[in-house]
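What follows is one chain in structure tokens, specifically the form predicted on its own.
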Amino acid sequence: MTEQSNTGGPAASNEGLLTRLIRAAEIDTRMLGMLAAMLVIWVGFDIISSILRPGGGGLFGGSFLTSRNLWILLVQTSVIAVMTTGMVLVIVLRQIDLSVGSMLSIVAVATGVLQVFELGPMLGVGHPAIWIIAVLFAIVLGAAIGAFNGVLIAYGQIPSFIVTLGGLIAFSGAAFLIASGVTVAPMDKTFKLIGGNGPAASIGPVWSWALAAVACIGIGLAVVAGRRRRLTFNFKPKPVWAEILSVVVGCAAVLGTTAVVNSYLYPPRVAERFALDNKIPIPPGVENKAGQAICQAADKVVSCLDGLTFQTGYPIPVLIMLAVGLVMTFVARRTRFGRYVFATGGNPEAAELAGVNTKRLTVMVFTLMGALVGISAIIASARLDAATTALGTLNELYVIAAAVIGGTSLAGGIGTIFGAILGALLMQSLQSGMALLNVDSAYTNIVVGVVLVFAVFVDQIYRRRVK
């Protein structure tokens, strides 16, 4: 069993033209609804910010739909999105992991302590091996904690809700003890780049456009390959117009996102400080005026007629998020492991009778979840340039909410990686927009909770409709 499409519904003879077109193109109506909701949220926040703060510069005059805010939004989404891809498989398997926030905290703190108090004095501050050791340590530690949870659930026969609820409490306490109650900082200078800090933490406009071109080619090849597979196994293919539409929409989304990230220039002070720190000549007369003109960059930095600017392109955290999304999509849809996860979530008894080792599968899923938490801990601590015990606070709420909003059913057996990443973006959009309007965090939590309950309600209605 693989990720499911929206193919249920009433008889074709009773459907309208639009419904028939959506069915022919095999478009998930829940995904359309989520995209529409995200569009409403973005436009709404931009209009409101325009009313409250005129001159924001966004599409509608506000502060939300600006290249700067959207660039930051993508970076902020990466931490939750990476964990959400793992939570999809956990929920599809009819399990839950409430400990991911506390797990992120303990992994981040332990990795920070390793860098600051162990590797720094041992190898010397700035040693090139520090960030490599730290990254490997974080991923391995996260995987080990996840495996521990999985063993208790699978072989100890303890409900995942109880195991991970205990982890939610215990891991946060362990993180406090490891850090001795203080903030661990600063991180290694190369390690910080993983969090998207500074001009050197982005690949620049040239490589960003090259990546976009490769992505568009990949979308086209994927559509062609999918059509060939259907014909090979005598399945009815999509209409040609639907295949073309998929490629056009996919490429438009990629090129549009690339244009946004490339249009964001680092603030003048940041650009100037980076130039000074890296001994890059600043053109005469433009001190404190960096960013006055857009320059065509080679290696992202050039002298130009009116000033010095640093074009960003895709930041490293977003590249990590995209890479994780692609890998997890492949794992979920094209591997035996992924098929076993969806089969077990759909019908555990049938999966066991078919010879699937569901206990080992459970341990593997939670181990993978832990490794992904390790990656998110790296991004979060690198972006903050510090590790604190509060780093993962409430992350479990946002991760579970993002997965459910993205179409993952709490009843198990149904879920998509792509939808979960969009769900994470929607959740982060709510947080970012409300922060932009200076809304109290208490109200933000209320909105997130309401959205989560509403998403589950919609999922229940959808499941009853397609049965």
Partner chain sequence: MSTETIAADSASQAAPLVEMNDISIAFGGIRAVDHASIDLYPGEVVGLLGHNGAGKSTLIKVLSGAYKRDSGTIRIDGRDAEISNPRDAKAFGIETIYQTLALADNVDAAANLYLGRELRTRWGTLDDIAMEAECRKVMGRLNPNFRRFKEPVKSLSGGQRQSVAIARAIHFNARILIMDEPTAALGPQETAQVGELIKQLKAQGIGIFLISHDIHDVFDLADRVTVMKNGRVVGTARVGDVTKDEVLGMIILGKCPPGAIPGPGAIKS
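Think of the rigid core as the biggest set of C-alphas that the two forms share within 1.5 Å after superposition. Positions refer to the first chain, counted from 1. Quick caveat, the model's predicted, so the values are computed rather than measured.
Absent from the display: the form predicted in complex with its partner chain. The rest refers to it.
*Asks:* Only one of 157-165, 214-222, 327-335, 134-142 gets a heavy atom within 4.5 Å of its partner chain in the model of the complex; which is it?
*Replies:* That would be 327-335.
*Asks:* Is residue 413 near its partner chain? Define near as a heavy atom within 4.5 Å, in the model of the complex.
*Replies:* So residue 413 counts as contacting its partner chain.
*Asks:* Wondering, does residue 230 line up within 4.5 Å of its partner chain in the model of the complex on heavy atoms?
*Replies:* Residue-level check for residue 230: yes, a contact with its partner chain.
*Asks:* Counting only non-hydrogen atoms and a 4.5 angstroms cut-off, does residue 339 reach its partner chain in the model of the complex?
*Replies:* Yes, residue 339 lies within 4.5 Å of its partner chain in the model of the complex.
*Asks:* Residue-level contact is defined here as any heavy atom of the residue lying within 4.5 Å of its partner chain in the model of the complex; does residue 124 satisfy this criterion?
*Replies:* Residue 124 lies outside the contact set for its partner chain.
*Asks:* Pick from 261, 322, 363, 343: which has a non-hydrogen atom within 4.5 Å of its partner chain in the model of the complex?
*Replies:* Comparing distances to its partner chain in the model of the complex, the residue within 4.5 Å is 343.
*Asks:* When you overlay the rigid core, is the Cα of residue 336 off by 2 Å or more between the shown form and the other one?
*Replies:* For residue 336, whose C-alpha is compared between the shown form and the other one after core superposition, the shift is less than 2 Å.
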